[in-house]
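Listed next as structure tokens is one chain, alone, in the form predicted alone.
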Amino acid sequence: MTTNHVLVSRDGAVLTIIMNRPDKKNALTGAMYGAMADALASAASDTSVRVVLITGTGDAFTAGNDLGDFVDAPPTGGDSPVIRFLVALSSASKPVVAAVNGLAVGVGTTMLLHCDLVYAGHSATFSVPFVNLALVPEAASSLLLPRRIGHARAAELFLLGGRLDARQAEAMGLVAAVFDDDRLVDEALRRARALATKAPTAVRATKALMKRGDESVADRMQAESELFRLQLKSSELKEAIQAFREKRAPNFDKAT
């Protein structure tokens, strides 16, 4: 599914998804969700894509769901565009970077909980006003947001419809760094490019370890040890060591 309200482009190994409906604050329609789900599926199956970057145009990341479109065509099953998008994002094996410009309302905030690196412009604001619309949180945000920022802060956002500015979001750990608005996308893209040069199997394995959730220290050590042993035998490690010896940057394209 494609739409001119979602722009997809490539910058080397980085695939960029841009929500492009600035006159509506990038409010998301079913067609937009479908296009983003398709882009994530394409990135997952394309070995030349190492990183996905998501951002918006204008003065908003996204104002959340387009309410008119949502009421006319509510998600009713697992194959609905919004569910396809959220499943693709939450299960993405490759790293996902978000550059949050301006408003991030509803799913504009909850989708960030599934991204690996989140950066914000100074003008960014974050809110999850589901209860204000007689709705409940989605995208596992009722689990992930309290885990990320604490129950009390999450309750203020969810139950009272509170809002965070960029600096508050950074202080709480919702975003990794804040930049001037005119530098945001360049800074996020620079980091996405840097991430794309790293050993892809090691990156995906590290992401998978970080997403395993709560478990005992012993279980996590066992999982790490198994993956560590695999990487010791990998062509990626051989390339990393060879590059170190030759005092050059590693090229993992030939190690895959």
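Quick note: we count residues from 1 along the sequence shown, nothing fancier. For clarity, every value in this text was computed on a predicted model and none was experimentally measured.
What comes next is about the form predicted together with a small molecule, which is not displayed.
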Candidate site 121, 183 and 188: all three near the small molecule in the predicted complex by heavy atom within 4.5 Å:
no
Taking the small molecule in the predicted complex as the reference, which of 209, 194, 67, 230 has a non-hydrogen atom within 4.5 Å?
67
Single option in 71, 177, 133, 143 placed near the small molecule in the predicted complex, where near means a heavy atom within 4.5 Å
133
Within 4.5 Å of the small molecule in the predicted complex, heavy atom basis, the matching stretch of 220 to 228, 195 to 203, 57 to 65, 39 to 47 is 57 to 65
So in the predicted complex, does residue 106 come within 4.5 Å of the small molecule, heavy atom to heavy atom?
yes
If we define contact as a non-hydrogen atom of the residue within 4.5 angstroms of the partner, is residue 163 a contact of the small molecule in the predicted complex?
yes
Residue 32 within 4.5 Å of the small molecule in the predicted complex, heavy atoms
no
